[in-house]
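Next comes just one chain, in C-alpha cells: the form predicted on its own.
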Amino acid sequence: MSTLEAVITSIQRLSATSRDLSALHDVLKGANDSLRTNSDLQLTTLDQLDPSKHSLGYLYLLDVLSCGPVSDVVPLIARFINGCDAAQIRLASEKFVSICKRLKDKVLELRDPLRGVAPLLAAVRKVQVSNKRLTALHPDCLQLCLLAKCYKAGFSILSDDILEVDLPRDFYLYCYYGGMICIGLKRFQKALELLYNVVTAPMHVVNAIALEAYKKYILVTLIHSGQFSVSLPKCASTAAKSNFKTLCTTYVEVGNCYNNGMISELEAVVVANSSEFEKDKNLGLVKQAVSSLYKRNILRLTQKYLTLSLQDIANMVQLANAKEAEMHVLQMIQDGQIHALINQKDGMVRFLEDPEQYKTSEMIEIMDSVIQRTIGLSKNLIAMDESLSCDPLYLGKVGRERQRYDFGDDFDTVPQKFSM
C-alpha cells in the first residue's frame, strides 16, 4: 500500500470520534512532507473523501493541492469552507487560515473580491471559538467586503465585542477596515469607535496603519461630532502623541479651520491640498466634512432663532443661494438632525422642538438593548480583571516593579555623599 493510500485509509477510518481525530492528526502531521512530494496526489483523490465527514484529512490534502498548479482553486476552497466541520478544522486552524488566505489572494489576483466574501464570512464563523475572539481571518474578510463594496456583509462581523486578540496587526487591520466599512454605511459613531481603537492602541513606534487611521479619525470626528481636538486621548501611546500631529499637519489644519467655523478658509485649505487628500483616498471624506460644517452652522442657528428665511440662512452659513439652503435644511430634517417646517410661499423656516418623548415601545427597546450591552461589557471587564490578577507573568512583573520603588522604612532619603 502506497503512502497516499495509507493516508486515505486512515482518514476514512479515523474521522468519527475525538480520540480518532487526535490519532489522525498525528498521522497527517507525520505524512505532510511526503504528501507534498507525492505525484499521485491529484484533484480526483479528493473524490474519495466527504468534506463534511473527513474535514481534517480533506484540509491537509487540499492544503497541498492548492499550492500546486490548480486551474481554479477558488471554487474548490469555497466548497470546502461551506461544507467542512468546524470542530475538525479547528484542530488544524493554522492550515485552515492558510488556505483561506490563499483564496483571498487568488480573488484579489483575479480582481474579483466579491467571489471571496461569502466563503470568508463562513470561514470566520467556523474558525472562531468564541464571538469575543479576533481571528486571523477577520481583517481579510473585511478587506474583501470593502473592495467588493459589500458593506452590510462586513458590518455583520463588526457587531461582536472583541476581547481576545492574538496578533496586534490583526487588531489594527480589523479596526481600520471596519472603520472604513462603517464610513461607507455612514455609521460614523461606530466608525469613530473603531478608528479610536487604532489611534489609542499601544505602540512603541508609529505604524502606517495607525497613521492612516488617524487621518480618517480626524475627518470622521468632524463629521460626527462637529469639533476637533489636537490633543490625543490620555490613553494614547507616547509614540502616537509625539508623531501623529507632525505627520498629519494638513489634516490637523483642516480640523483647526473647521473649529473656526469659516467655510471659506476650510475650502481654501481643501483646494490647496486636494492632491494629498486624493493620494490618501480621503478626498470624498474631506468633502463630507466640508458639507457637515454647513450643517453644523445651520444647527447653531436653531439654538438662536425660532424662524429664519432661507435667504438669511444662506447668508449666515455662506451658501450660494436660498435654494441651496433649502436643500441642506431638507436633508437635515430627513436625517433627524433638526426639526423644522419650511413655508414654501414666503421661504420661511420655523424651527421646532424635538418631538421624541422617549416613552414609545421602540425607544424602550433601544434603551434596554444598550443597558444589556453595558451589563455584558461590565461582566467581561470584571472577568478580565480577575484573570489578570491571577496571571503569574503579570504578578511577577508587578512584584519586580514594586521591589524597584519600594525602599522600605530604612531608606535614607539623603544621599551618602551629602550626609553630615
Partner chain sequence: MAPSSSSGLTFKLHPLVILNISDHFTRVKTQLNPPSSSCSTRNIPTSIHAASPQNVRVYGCVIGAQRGRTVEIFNSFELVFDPNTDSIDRSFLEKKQELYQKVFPGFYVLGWYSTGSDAVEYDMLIHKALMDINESPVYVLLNPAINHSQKDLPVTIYESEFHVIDGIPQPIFVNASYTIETVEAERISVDHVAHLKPSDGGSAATQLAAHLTGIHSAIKMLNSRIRVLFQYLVAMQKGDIPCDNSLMRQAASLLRSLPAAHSEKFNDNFLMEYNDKLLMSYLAMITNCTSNMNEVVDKFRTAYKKNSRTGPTGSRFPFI
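Positions refer to the first chain, counted from 1. Just so you know, these numbers come straight off a predicted model, no measurement behind them. Between two forms, the rigid core is the largest collection of C-alphas that superpose within 1.5 Å.
Although not depicted, the form predicted in complex with its partner chain is the subject of the following passage.
Discussion item. Within 4.5 Å, heavy atoms only, which of D391, D26, D33, D47 is in contact with its partner chain in the model of the complex?
Written reply: It is D391.
Discussion item. Please identify the residue among H204, K186, K304, K281 with any heavy atom within 4.5 Å of its partner chain in the model of the complex.
Written reply: Looking at the other structure, the residue within range turns out to be H204.
Worksheet item: Do T37 and its partner chain share at least one heavy atom pair within 4.5 Å in the model of the complex?
Response: No, T37 is distant from the partner.
Discussion item. I'd like to know if D385 sits close to its partner chain in the model of the complex, meaning any non-hydrogen atom pair within 4.5 angstroms.
Written reply: Flag for D385 set to yes.
Practice prompt. Determine whether any heavy atom of K234 comes within 4.5 Å of a heavy atom of its partner chain in the model of the complex, and answer yes or no.
Written response: Answer yes; at least one heavy atom of K234 falls within 4.5 Å of its partner chain in the model of the complex.
Fill in: Non-hydrogen atom contact T200 with its partner chain in the model of the complex at 4.5 angstroms
Looking in the model of the complex, residue contacts with its partner chain include T200, since a heavy atom lies within 4.5 Å.
Discussion item. At 4.5 Å, heavy atom to heavy atom, what parts of 355-388 sit next to its partner chain in the model of the complex? List them in sequence order, or say none.
Written reply: Result: Y358, K359, T360, S361, M363, I364, M367, V370, I371, T374, I375, L377, S378, L381, I382, M384, D385, L388.
Worksheet item: Aligning on the rigid core, do we see the C-alpha of P392 shift 2 angstroms or more between this form and the one not shown?
Response: Yes, because once the rigid core is superposed, the C-alpha of P392 moves 2 Å or more between this form and the one not shown.
Worksheet item: Once everything's superposed on the core, is D26 shifted 2 Å or more at the Cα between this form and the one not shown?
Response: After core superposition, the C-alpha of D26 moves less than 2 Å between this form and the one not shown.
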